[in-house]
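Given next, in structure tokens, is a single chain: the form predicted alone.
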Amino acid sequence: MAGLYRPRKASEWATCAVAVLLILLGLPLLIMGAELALLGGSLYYVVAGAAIIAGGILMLMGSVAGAFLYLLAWLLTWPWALWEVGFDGWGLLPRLLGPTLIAVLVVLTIPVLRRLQKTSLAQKGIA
């Protein structure tokens, strides 16, 4: 995947929108997470922000790896959230609800990304 794909169908536009959403949500996590880390806080936000941004960029390039990278970051958010607040439901809610809702959107993009990736490989004569 050398560059960005050109969305043609509604599902591809929706996938593109989810990828842009990931980038826009990852940027403040990375930037403010770096500020927090410099003050002695958790590095979680820096790592999560970087992974989310990279996932969004890979998705914009039509790679299913971007979706899986976000899902890995989401999966690792769960133990971090439990470590931070334990099993306090009100403490877990802001840490897990948003990322989980976005994970649902990302899962819905996987078939589109697989199709894009398969089409790209076929055009290159690889598949």
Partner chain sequence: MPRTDLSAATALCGLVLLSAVAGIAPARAQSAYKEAPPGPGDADAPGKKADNKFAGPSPFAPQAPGVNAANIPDGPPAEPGEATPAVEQIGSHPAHDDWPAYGRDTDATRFSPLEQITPQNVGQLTRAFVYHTGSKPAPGQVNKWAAETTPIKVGDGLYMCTAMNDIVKLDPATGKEIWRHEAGVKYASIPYTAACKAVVYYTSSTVPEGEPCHNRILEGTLDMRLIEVDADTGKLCEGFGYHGQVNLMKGMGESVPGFVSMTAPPPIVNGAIVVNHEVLDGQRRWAPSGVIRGYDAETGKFLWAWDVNRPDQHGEPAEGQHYSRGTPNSWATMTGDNALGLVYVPTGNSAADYYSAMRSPEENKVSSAIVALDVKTGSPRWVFQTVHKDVWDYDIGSQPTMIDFPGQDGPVPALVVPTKRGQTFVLDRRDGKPILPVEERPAPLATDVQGDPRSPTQPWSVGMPRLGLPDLKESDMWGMSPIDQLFCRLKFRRAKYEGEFTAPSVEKPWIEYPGYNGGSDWGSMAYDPKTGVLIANWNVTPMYDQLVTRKKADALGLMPIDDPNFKPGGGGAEGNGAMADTPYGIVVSPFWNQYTHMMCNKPPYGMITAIDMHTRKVLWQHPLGSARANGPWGFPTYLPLTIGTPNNGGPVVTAGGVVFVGATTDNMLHAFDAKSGKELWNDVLPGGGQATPMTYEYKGKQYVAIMAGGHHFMMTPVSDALVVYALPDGK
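If you're wondering where the values come from, they're calculated on a predicted model, not measured in any experiment. Residue numbers count along the first chain shown, from 1.
Note that the form predicted together with the partner chain isn't included here; everything after this is about it.
Only one of 75, 32, 65, 82 lies close to the partner chain in the predicted bound form, with a heavy atom inside 4.5 Å, and it is 32. Although the partner is absent here, residue 17 is not a contact residue: none of its heavy atoms lies within 4.5 angstroms of the partner chain in the predicted bound form. Heavy atoms of residue 24 reach within 4.5 Å of the partner chain in the predicted bound form, making it an interface residue.
At a distance threshold of 4.5 angstroms between non-hydrogen atoms, residue 36 is in contact with the partner chain in the predicted bound form.
When contacts are judged by a 4.5 Å heavy atom cut-off, residue 47 does not count as touching the partner chain in the predicted bound form.
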